[in-house]
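Take a look at this one chain, the form predicted alone, written out in structure tokens.
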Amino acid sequence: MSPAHHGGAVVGWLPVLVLLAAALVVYAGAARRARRAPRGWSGLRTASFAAGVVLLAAALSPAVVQGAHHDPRGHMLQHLVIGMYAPLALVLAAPVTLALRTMAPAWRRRAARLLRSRALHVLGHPVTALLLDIGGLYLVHLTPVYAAMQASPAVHALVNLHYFAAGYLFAWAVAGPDPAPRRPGTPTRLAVLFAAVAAHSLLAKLLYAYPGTWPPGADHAAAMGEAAKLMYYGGDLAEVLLAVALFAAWYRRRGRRFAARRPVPAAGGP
């Protein structure tokens, strides 16, 4: 990368840094207000949001973007961070819950109407999220989109945007702690997660077995095998973390229901 090119990449990264820093400041300010309320706010959620922001900033840094633009291993690492690990960290921070607790009542009512809307229900269904997330991954790696991404930084940026948006939607639909009216039950979400694991693994195996065929028109076919292994093992770890989040949420809900049904001891009793 030439010094001029590197300088341009750094300049292009600055707006992203400013946007991410602003999001972190807004979240931290709202978390501080929420901690003063009787229900409080978990410091772990704030730490999770900060981790997601740091992961995104690192994955979009000029050096990583250049590496991902020319090397399939770099592309795969960037995909894992932008599309799986950073979204999971941000989703577990429950930003919607925090907003609902700290917004003015008028804005809270608007947000509640949006959460109950039919469009968001369809978009946020785990099956829809699965199709957008895994479907996009297949589209990038089994069609000329990958070669176009290597040739054009703009296409690369759009693919990254899709990775993040679809990854966030999938993590939110499967294991997000934020309120989501009409969200399917745990068995449905678990089945969707298993389907995602199978589809992710199948794509990694195809890329590993046929590095000269897929992605079509891609350079550096020799490195595609290593990139496929990164997709396989890195994707598995992210999906295990998502499963842990899903079961942890189920366990908390079950504990709350059990506590609500438990009879209250009579006053003065043993």
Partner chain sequence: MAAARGDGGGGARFGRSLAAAAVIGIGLMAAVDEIVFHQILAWHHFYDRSTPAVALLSDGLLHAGELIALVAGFFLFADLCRRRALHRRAAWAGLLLGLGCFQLFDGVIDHKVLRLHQVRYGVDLLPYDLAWNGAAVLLLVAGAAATWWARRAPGAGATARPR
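Residue numbers count along the first chain shown, from 1. Remember, it's a predicted structure, so these values are computed and weren't measured experimentally.
Missing here is the form predicted together with the partner chain; even so, the following discussion is about that form.
Mapping the unseen interface onto this chain, residue 15 falls outside it, with no heavy atom inside 4.5 Å of the partner chain in the predicted complex. Mapping the unseen interface onto this chain, residue 77 falls outside it, with no heavy atom inside 4.5 Å of the partner chain in the predicted complex. Although the partner is absent here, residue 119 lies well away from the partner chain in the predicted complex, with no heavy atom inside 4.5 Å. Of the heavy atoms in residue 23, none are within 4.5 Å of the partner chain in the predicted complex. Note on the interface: of 225 to 233, 30 to 38, 58 to 66, 44 to 52, the segment with non-hydrogen atoms within 4.5 angstroms of the partner chain in the predicted complex is 225 to 233. If you take 86 to 109 and check each residue for a heavy atom within 4.5 Å of the partner chain in the predicted complex, you get nothing at all.
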